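Quick heads-up: the structure tokens below are two forms of one chain, split into structure 1 and structure 2.
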Structure 1
Amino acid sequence: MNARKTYPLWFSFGALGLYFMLFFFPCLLGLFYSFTDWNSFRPELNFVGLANFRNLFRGNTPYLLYFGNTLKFTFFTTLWKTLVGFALALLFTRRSRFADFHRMIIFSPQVLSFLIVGLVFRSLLHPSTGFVNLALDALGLGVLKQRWLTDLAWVWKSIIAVDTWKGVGYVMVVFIAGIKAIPASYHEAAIVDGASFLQRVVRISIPMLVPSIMVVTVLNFTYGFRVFDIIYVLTNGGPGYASGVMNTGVYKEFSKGDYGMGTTLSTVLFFFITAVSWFIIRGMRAKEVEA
């Protein structure tokens, strides 16, 4: 059997070794530490069983809130980036003036660092001196002014909007590539048959874009679960703990010196991301088989 293969199995041992050392072994180590009281105050390490995991569900800790917030952030940013990115891709693949220029403008936030985006939007969204509320006032729409980053009702909407603004350009580019790969003859045939624009989008573009949608979804989901920077810079998890996510919790535990608890949070996050990614990739494979 092996003799018929282009390369022998042992060729992969180097890569497998590196993978084991740099990815697999640290994961196992993390799992081990989550069952200990590893911290920065004492050199010894004690086995504490499931105590750290039980702490996650204690009433007076914010971890469950962080977990819910992470899910909320992931779901809504994925949804909005996909919908808006798709709409923009449709717009800019039609014959429009300066389409390339518009694509560049929409993609440009993608290359900015989260720190810059966070600081700029903190300033723009300041309730009394920020551009957004001042502009609303100038337009006579003062009634729409909000405390964007400190009001419980608005903080998540603001964070999701900023993150969507930053990431939508990338999604748009993936969709543009997918749309351009659809043979023009499909649309031409549909037009001859009298199909409307909406019918062509629903019956031709979307089914043909399923692989792109899957790629975008996996990328956005894994990004969403790992989010840290944009939250840290925009709200520092506030007001209070309202916009904290799993990774702000991990950061807090590590800075407190409670490495065991920080590792536990990371472990939970790791298993969750693995499970979700597995289901999405399975879904992708099923679609590929159907295709």
Structure 2
Amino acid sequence: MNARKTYPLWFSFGALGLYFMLFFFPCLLGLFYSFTDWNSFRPELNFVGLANFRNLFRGNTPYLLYFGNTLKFTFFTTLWKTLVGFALALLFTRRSRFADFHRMIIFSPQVLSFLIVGLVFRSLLHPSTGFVNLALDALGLGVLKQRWLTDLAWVWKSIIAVDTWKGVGYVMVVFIAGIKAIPASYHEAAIVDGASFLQRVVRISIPMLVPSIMVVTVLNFTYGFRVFDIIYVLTNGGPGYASGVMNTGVYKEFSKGDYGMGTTLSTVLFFFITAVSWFIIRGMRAKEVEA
């Protein structure tokens, strides 16, 4: 057995069995049910082919809006978390007396649950009793008051701001680890050559941080496409369908008993996440710079 090196395969059978039962098999069942009219109103199950998928792309349904909102949320939260996280990482890798304390403060929202964050900010952003609008009134800036979570012009700005606040600490930590892994000799040589701080960031830090950028981008994209908690707690997909995303759509379909359409939305989301993640990883690996 040792000569053939077969024993690691035996050790993996238990984990593979659990993975198959708890993940792979349910995925296959979900794919099967997406081709049916499974619902809570009739006991029989009928095969409907691609009918559910065609319904997703009809103009008079909210599904295209869900998909567009998911793309919007994913793009802007990924962009802002990456930019702000990178800026904070550059700031807190420079020598500072209280750098560790500041890192801890900025990272601390990451350990809070989405439920807690959503409930707190829903209270803070309430149009009449929320702290934000009351504080603006107290400062004589009542003209800046908004219906943050119920106004179509502000709902997405508010959601993206809250999610960025919660998640930027994790991105900052990833970038700090990447910056500290860059050999100091690179920056020392650039300083001797007269390179400014901005030139060193553009010419050294960013190319060397491509692996970190790839990790951050993939994690943020997959999170953005799967988002549910923060939006459900803040707005429940409202006003109307304005802030609904794919997973709030899945929840609503299952809530009203249309399990076939719910699994169809889940299936489309799964394949879309897989495809986008693969292209991101493949594209960034081609640009990766060896340290």
Partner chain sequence: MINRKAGMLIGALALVLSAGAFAQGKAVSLSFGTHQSGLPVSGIVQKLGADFEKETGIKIDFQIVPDAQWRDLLKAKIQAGEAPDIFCSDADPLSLYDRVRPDTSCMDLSGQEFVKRMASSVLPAISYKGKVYGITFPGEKIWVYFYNKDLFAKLGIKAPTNYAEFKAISAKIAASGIVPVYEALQNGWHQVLPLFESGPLYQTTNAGLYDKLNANAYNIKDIPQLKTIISQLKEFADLGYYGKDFMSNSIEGDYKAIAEGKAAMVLEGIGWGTQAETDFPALKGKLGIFVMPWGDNQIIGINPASNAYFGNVKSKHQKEILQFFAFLARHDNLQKRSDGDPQALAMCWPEIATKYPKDYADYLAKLKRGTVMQAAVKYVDSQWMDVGKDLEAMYAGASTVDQVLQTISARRDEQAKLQKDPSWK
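All residue numbers here follow the sequence of structure 1, with the first residue given the number 1. Between two forms, the rigid core is the largest collection of C-alphas that superpose within 1.5 Å. Keep in mind the model is a prediction, meaning the values are calculated, not measured.
Looking at the condition given, the form predicted together with the partner chain, one finds it describes the source of structure 1 alone. After superposition on the rigid core, displacement of the C-alpha of residue 136 between structures 1 and 2 amounts to 2 Å or more.
Once the rigid core is overlaid between structures 1 and 2, residue 41 counts among the residues whose Cα shifts by 2 Å or more. Once both forms are fitted on their rigid core, the CA atom of residue 275 lies less than 2 Å apart between structures 1 and 2. Relative to the superposed rigid core, residue 19 shifts its CA by 3.7 Å between structures 1 and 2.
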